[in-house]
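Okay, here we've got a single chain as structure tokens, the form predicted on its own, with questions on binding and movement later.
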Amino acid sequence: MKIKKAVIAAAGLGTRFLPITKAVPKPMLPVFDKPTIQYIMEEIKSAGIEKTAIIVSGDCPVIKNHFSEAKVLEENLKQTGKKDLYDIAMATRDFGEIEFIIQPTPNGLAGALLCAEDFIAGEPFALLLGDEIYANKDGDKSCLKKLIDEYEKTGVSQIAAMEVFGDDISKYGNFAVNEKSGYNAVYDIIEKPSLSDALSNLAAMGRYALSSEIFTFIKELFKTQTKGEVYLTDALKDMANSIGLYACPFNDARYDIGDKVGYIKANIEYSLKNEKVSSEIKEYLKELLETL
């Protein structure tokens, strides 16, 4: 079955970026000249998906406004002949159907995803975390496209995987795999283990291609966990042991925008990719390096 829908989990409170995230949702933090969530929507569009649900916490007009019509701005750019800027503004409205769904209680990623069950309506779907950007080499498939292709080929849910080393493993979901018919079949997964408890050096990234059966496993967790955060990791473990889950390796660049160092790295690297400013940025970095 083809994947035609995507869900972006963007309802986090952004506590690691206070105080700016009191007023600006973390997915709207800019990386060079675009908010994080626009890069994510571009990845979704490039994968051929036309219907997206964005899970937000409470009323979130900033994200809605970004993907909506801005009459005064658009008309001004048109009348003053600023075609390049007009095209940039209009591109934010070229991402197909977008539905905003409120997560009323901050009870974790599993709770956020459960809010989108009606939107998914029994279909397979892509899930993307709202604070991660993935960059693929020119001509290569995006991380999301790789996951979707593997799902549509195997019929088994997929999770993006990267190798991490040392104490960094404690930042991620961590899993163990068995080789099965050429695929990495997940047989155990835990959330943010200590280095001594890690199952492997494989970390779960913020991109998934999932069957709608994941909602069954999430709802089973909520039957016993009525308070606090419910981990999607636990539902994925149950799925892996019941109907299967594959780890799909990803080796290109990933930026954790929810981490301050990751955010700075992303801004530097994306500015270096921009033809208009890259030479100035390079010169500045060279000068700065001499002072360190």
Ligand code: G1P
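Please read all numbers here as calculations on a predicted model, not as lab measurements. Counting begins at 1, following the sequence as shown.
Missing here is the form predicted in complex with 1-O-phosphono-alpha-D-glucopyranose; even so, the following discussion is about that form.
Query raised in the report: Wondering, does R254 line up within 4.5 Å of 1-O-phosphono-alpha-D-glucopyranose in the predicted complex on heavy atoms?
Result: R254: contacts 1-O-phosphono-alpha-D-glucopyranose in the predicted complex.
Query raised in the report: Given that the partner is absent here, does Y151 sit within 4.5 Å of 1-O-phosphono-alpha-D-glucopyranose in the predicted complex, heavy atoms only?
Result: Answer no; every heavy atom of Y151 is more than 4.5 Å from 1-O-phosphono-alpha-D-glucopyranose in the predicted complex.
Requested in this report: Answer for K82 alone: is it within 4.5 Å of 1-O-phosphono-alpha-D-glucopyranose in the predicted complex, judged on heavy atom distances?
Outcome: K82 lies outside the contact set for 1-O-phosphono-alpha-D-glucopyranose.
Report task. May I ask you to state whether K192 is within 4.5 Å of 1-O-phosphono-alpha-D-glucopyranose in the predicted complex, using heavy atom distances? Result -> The answer is yes: K192 has a heavy atom within 4.5 Å of 1-O-phosphono-alpha-D-glucopyranose.
Query - Residue stretch of 169 to 177, 141 to 149, 91 to 99, 114 to 122 approaching 1-O-phosphono-alpha-D-glucopyranose in the predicted complex, non-hydrogen atom distance within 4.5 Å - result: Checking each option against the 4.5 Å cut-off leaves 169 to 177.
Query raised in the report: Of these, V156, L77, A204, A198, which has a heavy atom no more than 4.5 Å from 1-O-phosphono-alpha-D-glucopyranose in the predicted complex?
Result: After the contact test, the surviving option is A204.
Requested in this report: Identify, from the list I218, L210, L109, I133, the residue with a heavy atom within 4.5 Å of 1-O-phosphono-alpha-D-glucopyranose in the predicted complex.
Outcome: Of I218, L210, L109, I133, the residue with a heavy atom within 4.5 Å of 1-O-phosphono-alpha-D-glucopyranose in the predicted complex is L109.
Query raised in the report: Though the partner is not shown here, which residues of 60 to 90 have a heavy atom within 4.5 Å of 1-O-phosphono-alpha-D-glucopyranose in the predicted complex?
Result: Counting only heavy atoms within 4.5 Å of 1-O-phosphono-alpha-D-glucopyranose in the predicted complex, no residue of 60 to 90 makes contact.
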